[in-house]
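This document opens with one chain alone, in structure tokens, the form predicted alone.
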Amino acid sequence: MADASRPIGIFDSGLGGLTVLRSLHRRLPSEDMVYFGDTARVPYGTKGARTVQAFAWQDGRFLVSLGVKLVVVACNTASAFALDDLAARLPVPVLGVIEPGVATALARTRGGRIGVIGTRGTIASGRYQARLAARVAPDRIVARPCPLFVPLVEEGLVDHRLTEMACREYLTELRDASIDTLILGCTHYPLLKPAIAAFLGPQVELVDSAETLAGAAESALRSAGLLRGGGGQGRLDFYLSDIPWTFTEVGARFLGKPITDVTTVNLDELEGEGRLDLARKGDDT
């Protein structure tokens, strides 16, 4: 039976999804939340669809095994390649990054071109482009992979000259195409908003994937009667498949506050022990 006191589960291929957790926690501070970062197998953005689907299936089942009431796929590549499969097979509601971002971009565009930036995997999947093309002419869509943005963020170089150079390299095509809206199609990219906005100018609306997904999660929980009542501060639990040596510094930068307690898990071992087995979709959990 539905239980509003259960936590929200969020997963990403690494640490970028902490920007989604940050937005969710700000919007729904009384909710308990569980974050899983698959840091042992990061990045998903350079891997093929079948590999991403297999990893995401393990990630989603791990969160369900912890008793979550909603799975938030805070990874654009996993949202592109695995969301439909997860939504069909997991016994709890599942939300991804792409649909909320597309809906927000369509609401904000002023009739000009819409840009999309992301990892190579996300852009190559064509998922953003297809969703946008259902509502606007294809020649109004400009998509561009920006593979160096992720390491620049993780190295803390958001204000560095190298980031300015990367913006010039990746975003000149979009600026020249006179986009009026840009979807930040990677959960690392919100940390680059100042640099991206400075390069593109104030006439371009930036759509933050973390903020739009947090808003969609709140709406989904409210519609399902699963918003947690009462006040207080919700608990945040963190699981990683490996702890990078830079985790404390990078994680705090993404979340906006220190992370002091993290549990490591090996999903292959849990799989072998049968601890990721699920009831059929539609069964009570």
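We number the residues from 1 along the sequence you see. Every value quoted in this text rests on a predicted model; they were computed, and no experiment measured them.
The same protein has a further form, the form predicted in complex with ligand DGL, not shown here; the description that follows concerns it.
Looking at 129 to 137, 68 to 76, 194 to 202, 99 to 107, the stretch with residues near ligand DGL in the predicted complex, meaning non-hydrogen atoms within 4.5 angstroms, turns out to be 68 to 76. By the criterion of a heavy atom within 4.5 Å, Pro244 is excluded from the residues contacting ligand DGL in the predicted complex. For the chain shown alone, Val42 is a contact residue for ligand DGL in the predicted complex, at least one non-hydrogen atom being within 4.5 angstroms. Put simply, Ala210 is far from ligand DGL in the predicted complex: not one heavy atom of it is within 4.5 Å. Contact annotation: Val150 falls within 4.5 Å of ligand DGL in the predicted complex, judged by heavy atom distances. Contact residues in stretch 112 to 133 (any heavy atom within 4.5 Å of ligand DGL, taken in the predicted complex) are Thr119, Thr122.
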